[in-house]
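Below you will find one chain, with nothing else, as structure tokens; this is the form predicted on its own, and questions on how it binds or moves follow later.
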């Protein structure tokens, strides 16, 4: 019997879900091994009977927290997809300010007391609320990596993410180091798997795939000192996707 898959979104741009749709004909290969029973982005059918739940987006409201807990109860396997779900992502930047201040700044006079949609708390990654079994990082995710992970899980295998930095992929592509081009880059401490897509277009890595478990922060500091990057510049880049995780 094929595994039943449901895809859910929380606070996000839904770009990771679009990457799934962008698999195009490769989707047919996945459908051979899984049944997609719920995917709001691409189908109107919905079922609460699923084995694997894919979660895009961060958790920002009590109603989101309640919903993700119900999804976790139903799912045998829960996979966080994308930076917002895996890390909290860009959404976590608002945790720099008090919740009430953020609500007033965003909604102004439209803010209605007692409206549950405005009832928010500091942004959380999915694993800050429920247990996450596997992760597919990125902003957006890499569609080919997504296919590999889902195939592995559906076949009962443990998927593995690269345990080396983006710099390895960058060197394989024979790129000039973007530091030499006057750019800032988190490639030395960020998990590979994106095929160095940003640096290949001469744009520094911003860490959307999260830092390596054994990230060499001291080595990163040495690189930053070498190229004269200020502390303020460092922290702005470190916190963009990895809020409060880029401590030097």
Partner chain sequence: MNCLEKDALGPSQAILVVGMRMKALSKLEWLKFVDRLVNDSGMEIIGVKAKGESFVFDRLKSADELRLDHDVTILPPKKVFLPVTEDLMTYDLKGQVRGERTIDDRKRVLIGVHPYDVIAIEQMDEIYLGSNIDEHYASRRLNTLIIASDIINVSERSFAASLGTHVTDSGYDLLVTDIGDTVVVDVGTKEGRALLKKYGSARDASKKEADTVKCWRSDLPTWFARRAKLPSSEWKRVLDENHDHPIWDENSKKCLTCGTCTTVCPTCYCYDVDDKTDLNLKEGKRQRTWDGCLLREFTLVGSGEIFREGVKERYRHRFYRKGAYLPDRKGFVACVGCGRCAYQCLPDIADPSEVMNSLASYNLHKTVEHPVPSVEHPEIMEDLLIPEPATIVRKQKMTELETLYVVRLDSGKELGHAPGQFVQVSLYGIGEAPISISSAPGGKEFELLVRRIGDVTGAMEKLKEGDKIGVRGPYGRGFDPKEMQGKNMLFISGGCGLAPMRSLIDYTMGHRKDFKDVWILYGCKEPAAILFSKDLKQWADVDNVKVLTTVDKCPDGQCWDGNIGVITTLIPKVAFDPMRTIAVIVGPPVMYKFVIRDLKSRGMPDENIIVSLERRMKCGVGKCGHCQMNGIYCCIEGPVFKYSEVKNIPEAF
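Numbering follows the first chain given and starts at 1. Note that the structure is predicted; figures quoted are calculated from it, not measured.
Missing here is the form predicted in complex with its partner chain; even so, the following discussion is about that form.
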Counting heavy atoms only and using a 4.5 Å cut-off, do 147, 158 and 220 all touch its partner chain in the model of the complex? yes
Partner contact for residue 57 in the model of the complex: its partner chain, 4.5 angstroms, heavy atom: no
Using the partner position in the model of the complex, report whether residue 214 sits within 4.5 Å of its partner chain, counting heavy atoms only. yes
Does at least one non-hydrogen atom of residue 184 fall within 4.5 angstroms of its partner chain in the model of the complex? no
Please check if residue 154 has a heavy atom lying within 4.5 Å of any heavy atom of its partner chain in the model of the complex. yes
Between 14-52 and its partner chain in the model of the complex, list the residues on our side with a heavy atom within 4.5 Å. 23, 26, 29, 30, 32, 33
